[in-house]
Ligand code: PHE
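A lone chain, given as C-alpha cells: the form predicted alone.
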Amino acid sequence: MDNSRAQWGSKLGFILAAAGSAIGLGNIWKFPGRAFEGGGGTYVLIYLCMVIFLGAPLMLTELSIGRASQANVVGAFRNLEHKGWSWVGWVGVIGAFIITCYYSHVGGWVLRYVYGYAVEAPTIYADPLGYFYATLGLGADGNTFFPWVAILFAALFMVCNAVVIIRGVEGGIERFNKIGMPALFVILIVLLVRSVTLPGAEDGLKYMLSFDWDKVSFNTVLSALGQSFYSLSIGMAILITYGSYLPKAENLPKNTALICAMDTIVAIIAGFIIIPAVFATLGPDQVGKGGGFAFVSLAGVFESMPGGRLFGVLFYLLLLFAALTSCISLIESIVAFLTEHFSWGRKATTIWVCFVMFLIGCLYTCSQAAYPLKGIWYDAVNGVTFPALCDAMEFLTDRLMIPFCALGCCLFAGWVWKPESAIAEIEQHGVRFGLKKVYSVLVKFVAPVAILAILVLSLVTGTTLS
C-alpha cells in the first residue's frame, strides 16, 4: 500500500463523498418523471430491485478494484497486473471529462435559478420559458445572442468546484461533503413536508404508493435499469478513484449498502416532493422529466403554492448541492489520473482542467439555442445524423461511454481478475461477506447481460435509457 497516497480522513467522510457523487441532478429531475411514467410505486419497486441486484454489486466491484490497486482509474488495471485492460479506465476518464464539460454548465444554470428565485421570482413567473431561453441566448423576438448570463454562472460554478478539488481529498472533498450532504438532506425534508401538506397533494401521494402494472413494459424495466446505473455513478471513473483512497480496514459491503441506500432515498423523496406538488398545483398531465421540466414547468408549481418563492430558492439550492457533489467527484477522477500518470501538481492541474472543461462546455451552452452548432451521431433507426452539439455530447456519454466502461469493469472483475480476487479484497481485515456466491453469479453473468441490453438497445432504438 502506498502510504503517501491521499486517504479519506474518516468513514463518514467517504460515505458522504461517495453518496454525493451518486446523488446528482438525475435523482431529482429525472427520477420523478420516470416514476410517474412507470406507474408510481410499480416503478419504485422495479428500481429498488435494480439497485439491489445490479447497481450495488457493480458499485462494490468498482470500489474493490480501486482499493486493491491504490491507483487512479487507468493505473488500477496496471497495478492489478492486467495492463491490457487499462482501456476501461481510459474510457472512464474521457467519459468523465466530457460529462463534466456539460454538467458544469448545467450546474451554472441551477446557480442562475437560485439567484433568480431569490431576486426576480416575478419575472420567472411571468414567462418561465422565456426566462429559460433568455438565459441560453434566445430572445422573445426569436433573435439569438451570446448567452453571457449562463456562461457567467457556469464560470462561478466551476470556480467553486476548483476551490474544493485544490484543497485535496480530506481537506477539500471530504470537508465540503460533510457540510453539503447534510444541508441537502435538510432541504429535502423541508420540501417534502411542504409538498405533501399542499391541498390536493394526496392524489399524488396515492399515485406514488399505488401499483399500476398496466404501465409497465420492457422499456420501463430498461429505464429503471439505466437510471440505477447512472444514478449510482457506475462507469464514470469515480468509484474506482474514490475506492483507491480507502484504507484496507473499511467494510466495503456495508459502505456500499449505505451509499446505495442514501442515493435511493434521495431519488424516492424527490419523487414524493415533485409528483404530489405537481398534482396539487398544475395537474397530473404536467409531470415531466429533464431540464425543461425542472427549469420551466416547476415555475407554475412554486407560483401556485404559499411561500413558493422561498421554496423555489430551497429547491434550486437542493439541485445546486446535488450538482456540486457530483461534479466534484467527476473532476477528482480526472485530476487524480493526470497528477499520478504525469506527475503534475494538483493545483495547476485542477485549474487547467477546469478551465478547459469550462471552455468546451461553453460550446454546449451555446448550442442549446444561441448558435446552430452540430455534432455527429449514428444509431440503427436514424442512421448518421447531425444533432445539436449539446445532444451529441450527451448521446456519446449516456448511450455509449458510460455503459461501455461499466461493461469493461464487469467483464474484468468477472472473467479476468475473477470474483475470487474481488471477494478477497472485500474480506480484508476479517470482514465477512455472506453473499459472495450471489455476488459471483451477478458480476459474471447477470450484470454483463443487463449492461449489454442498455448498450445495444440504446444504439439500436436511438433512445437514452438513463
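All residue numbers are counted from 1 along the displayed sequence. For clarity, every value in this text was computed on a predicted model and none was experimentally measured.
Here the subject shifts to the form predicted together with the named molecule, a form of this protein not shown in this document.
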As a check of understanding, the residue in L457, V446, I15, L25 with any heavy atom within 4.5 Å of the named molecule in the predicted bound form should be identified as L25
Among Y103, F302, F395, F153, just one has a heavy atom within 4.5 Å of the named molecule in the predicted bound form, namely Y103
Decide yes or no: are Y230, I238 and S329 jointly within 4.5 Å of the named molecule in the predicted bound form, with each residue judged by its heavy atoms? yes
For the chain shown here without its partner, which stretch in 415 to 423, 26 to 34, 433 to 441, 60 to 68 has non-hydrogen atoms within 4.5 angstroms of the named molecule in the predicted bound form? 26 to 34
